[in-house]
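The chain below stands alone and is given in structure tokens; this is the form predicted on its own.
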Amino acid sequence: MTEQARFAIGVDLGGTNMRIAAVDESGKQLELITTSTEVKRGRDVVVADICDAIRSLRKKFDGRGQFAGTGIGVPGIIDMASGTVLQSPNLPDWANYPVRGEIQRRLDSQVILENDANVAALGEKWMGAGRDAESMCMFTLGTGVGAGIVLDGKIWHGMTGMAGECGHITIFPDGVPCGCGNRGCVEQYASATAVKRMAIEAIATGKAPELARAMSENPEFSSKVVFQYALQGDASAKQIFQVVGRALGLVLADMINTLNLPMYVIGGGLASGWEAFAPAMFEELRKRSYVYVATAPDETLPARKHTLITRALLGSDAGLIGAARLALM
């Protein structure tokens, strides 16, 4: 990195761990710091840890390039104008906390606060699956279902910064209750938490003996275990991932019919189950979206504009890279 080059620091803040990296303007990660998020010790401790890491990285790279600022991805609902976390399920004492102002005061440099799903979408747009698409929507399938919309290279925030809450679109009106207060949200059918819940429900009926054995033998029983059984042909596990696929097909159909974007990206930990859920997802999508049917990739019509649905490429680095990108734009 030359002295004229710019670099930024990206922070990916989770409920369990946080990752802080220096990233240059070409998207190259220069150095990464990973540490646990000491949520139980309170928000002041977490903020102090973030600031210490930022100072350490800035001190190391300040002499090699121009510092552009810090971007921070936070799980939860953010008021963009004030830089305040209004609500965060993984950071319970951060409600109505003016995070941006607090960190800027301590660091005396520019800080940009953003929802974690939005920064993941921006990361994939900049350096991942969406680098050739001007606009895209990304779904992040993890503990819950997050989403971010990037229009003409910029995050679409809506009126108050809450646009893109696609994980809480209703797909089954009388479905499973959701923590948001609704029923039948995408999050209750297409998240890692939902896969585990559906597996436990199947076990309780006595119709999933292999999954029951796996759960009794493995204290770390999770969606990954269910996916492995689906790959091995277990009927109950395959059925669960068909539900995941159907849920994604339904919400994608709504988004495609509404936005008509060129690309939709599926990321997050559960995206590793693509092989198990994608067939049902595409089957449902073709039933529900005439826009997708009219624009689905077709090798015989290469010149036609297509709607591309694909897996994310950056994995857990998407949020980190996207956060740094905020300060470099």
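Position 1 is the first residue in the sequence shown; the rest follow in order. Bear in mind that the values here come from a model prediction, so they are computed numbers and not experimental data.
One more form of this protein exists, namely the form predicted together with another copy of the chain; it is left out here, but the text below deals with it.
The contact with another copy of the chain in the predicted complex, taken as any heavy atom within 4.5 Å, belongs to Arg304 out of Arg41, Arg304, Arg55, Arg64. For the options Leu30, Leu261, Val47, Ala271, the residue carrying a heavy atom within 4.5 angstroms of another copy of the chain in the predicted complex is Leu261. Highlighted residues Ser135, Pro173 and Tyr290: every one comes within 4.5 Å of another copy of the chain in the predicted complex, counting any heavy atom. Heavy atoms within 4.5 Å of another copy of the chain in the predicted complex are found in exactly one of 208 to 216, 191 to 199, 226 to 234, 243 to 251, that being 243 to 251.
Using a 4.5 angstroms threshold between heavy atoms, Gly164 counts as touching another copy of the chain in the predicted complex.
By the criterion of a heavy atom within 4.5 Å, Ile169 is counted among the residues contacting another copy of the chain in the predicted complex. Although the partner is absent here, Arg183 sits close enough that one of its heavy atoms falls within 4.5 Å of another copy of the chain in the predicted complex. Another copy of the chain is not shown here, and in the predicted complex it never comes within 4.5 Å of any heavy atom of Lys238. Using a 4.5 Å cut-off on any heavy atom, the residues of 145 to 161 that reach another copy of the chain in the predicted complex are, in sequence order, Ile149, Leu151, Asp152, Trp156, His157, Gly158, Met159, Thr160, Gly161.
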